[in-house]
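Alright, here's a single protein chain in two forms, structure 1 and structure 2, each given by itself as structure tokens.
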Structure 1
Amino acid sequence: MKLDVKQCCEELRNMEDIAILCHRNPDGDTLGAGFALHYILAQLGKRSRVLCHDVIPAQYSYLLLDYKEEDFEPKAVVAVDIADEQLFGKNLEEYCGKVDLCIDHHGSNKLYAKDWIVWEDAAATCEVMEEICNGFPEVKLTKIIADCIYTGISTDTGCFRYSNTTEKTHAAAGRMFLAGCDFVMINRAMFEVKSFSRIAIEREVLNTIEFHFDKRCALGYITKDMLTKTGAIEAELEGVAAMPREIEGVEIGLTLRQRDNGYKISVRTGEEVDASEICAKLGGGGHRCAAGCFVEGDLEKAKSVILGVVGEVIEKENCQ
């Protein structure tokens, strides 16, 4: 059932011993929302535990400064920033079909939870989480909660550079400033500091870039061999998907990342082209300017399939 903020807060207030699920290959929004909810629930006197298929990247360690994990058998399950149960990862598969509440901002959300609050016009799930925090009069917006919420907003907007950024987004960030969030530290950790292996994988990706459709589309890829060569891990790849789209004149950026049985494809676009439309044709989804899908097979097949769909979308656009 679709919930508003008041109903969502009522449901959370009635929960006990809560498992908070973040998506695999976690980013700042799912972790920010997950830990913000944990700290909110702690002020309500409730036990909760943040769970993720993958190890939390070291760059997000500041989110865990006040985190105390307690051992209990979950009686309720909340998913944050997860549009599809397929994003749980194998370690969280036991929760498929058992999610009581989903808090999200993806228009492609599969509505798999018993109840959900999904604001597709929000730049980040953490925008929704701020409203939930405000929905509890007894909960104080502490520095750690502000750090969590700001992290999600900042990362999902590319430090307020992406087109999903709105007046409400800036206003929410401003309220985090007033609550004492360490925005200087957060922005540096998220956007300025890179490991040697991250620099190495960026170099490798740049060497794979190829152009299509009169240079309106740029495609790059990451193979398992490239990760082995550079020593880069999944946690260091956040933001790499934006690289092809950053090239002058490119409207559609494609980044293919090798998996066991195919390639995960990240699509980044400007306002001219709908990334979610491209990915929907291949069973994926996301936002207008940032979406993803998966193609089984080897690299050449994945490239052929995604470029075929991009060609269809461009041809449709040219005919309008």
Structure 2
Amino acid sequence: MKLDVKQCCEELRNMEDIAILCHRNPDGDTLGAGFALHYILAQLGKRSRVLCHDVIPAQYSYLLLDYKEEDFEPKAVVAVDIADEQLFGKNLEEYCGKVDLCIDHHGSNKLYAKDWIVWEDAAATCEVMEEICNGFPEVKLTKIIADCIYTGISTDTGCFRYSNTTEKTHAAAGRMFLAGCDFVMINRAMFEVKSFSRIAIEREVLNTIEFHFDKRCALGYITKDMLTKTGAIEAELEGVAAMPREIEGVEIGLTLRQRDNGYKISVRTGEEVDASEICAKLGGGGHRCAAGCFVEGDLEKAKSVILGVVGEVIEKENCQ
């Protein structure tokens, strides 16, 4: 059943010994919402435990500052920021079909829980969590809760840069300042700090960048050898794929990543060109500004195929 904030708070009040599920490959929003809920429940005198398929990455350690894991058998289950039970990972077997309450902001949420509060217009699940926190008059917005909520809001909006950011997002973030949230440290941990291997792979990719179509298109690539040499892992490559598009005047950024029998290609574009149209021509897909496809063969073949398609699309737009 769909709940409003008041009903959601009422349901949480009636729970005891709560398991809080975060999604696998956890990000700042699922962890921020999960730990915020833990600290809120603690103020209500309730025990809860945050569960995740993965080890919590070190950069989020400040979320756990006041967290003590207690030993109890869960009697209630809450999922935060999880659109689909498949994202439970190793917790799937134990908790599939057993979630009492889901708190989320994904429009794609499968409504697998008994009850749910899913706000599509919220930039982050932590925006929902902030209103839930407000819904308990006796719960104080402590610094640690503010740090948790700010973390989710900031990470899910790319520090207020993504188009999901709204006036309400800024208002919620502003309220976290009143509780003394350490936004400088949080944003440094989320956005500025780069691992040695990330720095190394960025350097490698910069060295591969070439320009096409009057510098309207920039292309870079990542080979398996480059990953071996730098020690970079998959999770570090997300930002790297955005690099070609960040160059002045570039409308189409292409990043080619070597796979066993070919290259996976990330296409990033601005308003002018449709990335999904480019990728659709090669059997791929995605969004207008970010899409992907795959081309079999070696690097030279992959380059020439994708550049051929980009050329066609640019040509077509020129004729319009």
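Not measured: the values here are computed from a predicted model. Numbering for residues begins at 1 and runs along the sequence of structure 1. Under this definition, the rigid core comprises the largest set of C-alpha atoms superposing within 1.5 Å between the forms.
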Which block is the form predicted together with a further copy of the same chain? Structure 2
Same-part call for residue 151 and residue 37, two rigid parts between structures 1 and 2:
yes
State in degrees the rotation separating the positions of the smaller rigid part between structures 1 and 2, with the larger part superposed on its C-alpha atoms.
29
If I align on the rigid core, how far apart are the two C-alpha positions of residue 289 between structures 1 and 2? Answer in Å.
7.8
Superpose the two forms on the rigid core, then give the C-alpha shift of residue 93 between structures 1 and 2 in Å.
2.7
Following rigid core superposition, Cα shift of residue 219 between structures 1 and 2 in Å
9.8
